[in-house]
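Next comes just one chain, in structure tokens: the form predicted alone.
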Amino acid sequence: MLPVVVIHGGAGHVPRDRSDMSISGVCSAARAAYGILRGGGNSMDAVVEAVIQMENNPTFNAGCGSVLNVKGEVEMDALVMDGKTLASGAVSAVRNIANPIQLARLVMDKTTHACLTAEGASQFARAMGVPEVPLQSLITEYARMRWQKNLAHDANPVESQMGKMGTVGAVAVDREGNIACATSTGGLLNKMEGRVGDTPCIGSGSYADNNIGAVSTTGHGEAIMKVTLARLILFHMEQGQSVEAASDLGLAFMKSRVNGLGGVVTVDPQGHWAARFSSLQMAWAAAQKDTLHYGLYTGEHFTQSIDVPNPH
């Protein structure tokens, strides 16, 4: 069953012309991450590589496709966690960084802290030699168009959030049985300046523990934080639920308790995995036993050889 990697490109609703790009993006990311695992690489390297691929793809709400805050600027959050030691690293409200997930990993590897925010994260990035990029290079025409549309008084940014795939994330188990997760986001459309969602919060945006499994979440961050969704799903797994049942229980509780929609990718130490969501769509892909699995709508599950070029 091992190694395995599972990836999501965000829960929500995506226009048909963009959904093909979302599927192709998660499949490419899954392929890149699986290549690392198949070569004997570790799960942390694999999930970080998967997320970098999606941060560099303007289709997703992370890195260079991030949504804009109320001032028309990009503020990004990211988190990594290592299931072997429970070490983690996160950044929040970072601006001039192309790959926040790399910075989150440096927080984990090079500091005694778990999370750095805003200007402090920027100073740390400079100290680590992470190149700054111009803010404009992270802003797409699509993001700007949606930002302007949502400045209207009667706009509902939470609802229109569903017009673009959200947060990206990955979970993996390597050949040694070590588990890792990584999650990255541009946050909520037209959010207040300084708003931080679930993504950089351990137990909400993601969680990894070699003894139980790993989860990476996507959806409305405020709802996810209220139920600590990632840890809630792992709690159900500790109680003996399968990855799929635990994921569904967590998502159902979030919907009934706080009326929140979202999606998750989940793995257990044996390599069982699930991609589940309560939103209309979630672009997801998984790679295991040299097979690529992927889908977008509920009940959709396509497979092909990992070595065949991307669908679409």
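Since the model is a prediction, treat every value here as computed from it, not as a measurement. Residue numbers here begin at 1 and follow the sequence given.
The protein also exists as the form predicted in complex with another copy of the chain; that form is not presented, and the subsequent description refers to it.
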_For the three residues Trp147, Ala155 and Gly295, which mark the spot I'm curious about, does each lie within 4.5 Å of another copy of the chain in the predicted complex through at least one heavy atom?_
no
From Ile139, Ala98, Ile202, Val130: within 4.5 Å of another copy of the chain in the predicted complex by heavy atoms is Ile202
Testing 109-117, 147-155, 172-180, 131-139 against another copy of the chain in the predicted complex with a 4.5 Å heavy atom criterion leaves exactly one stretch, namely 109-117
> Within a 4.5 Å heavy atom cut-off, is Val258 in contact with another copy of the chain in the predicted complex?
Replying inline: yes
| query | Using 4.5 Å between non-hydrogen atoms, is Ser242 touching another copy of the chain in the predicted complex? | reply | no
>> With the partner left out here, check for me: in the predicted complex, does some heavy atom of Gly194 sit within 4.5 Å of another copy of the chain?
In response: yes
Does another copy of the chain get within 4.5 angstroms of any non-hydrogen atom of Met81 in the predicted complex? yes
Restricting to 58-89, the residues within 4.5 Å of another copy of the chain in the predicted complex through any heavy atom are Lys71, Met81, Gly83, Lys84, Thr85, Leu86, Ala87
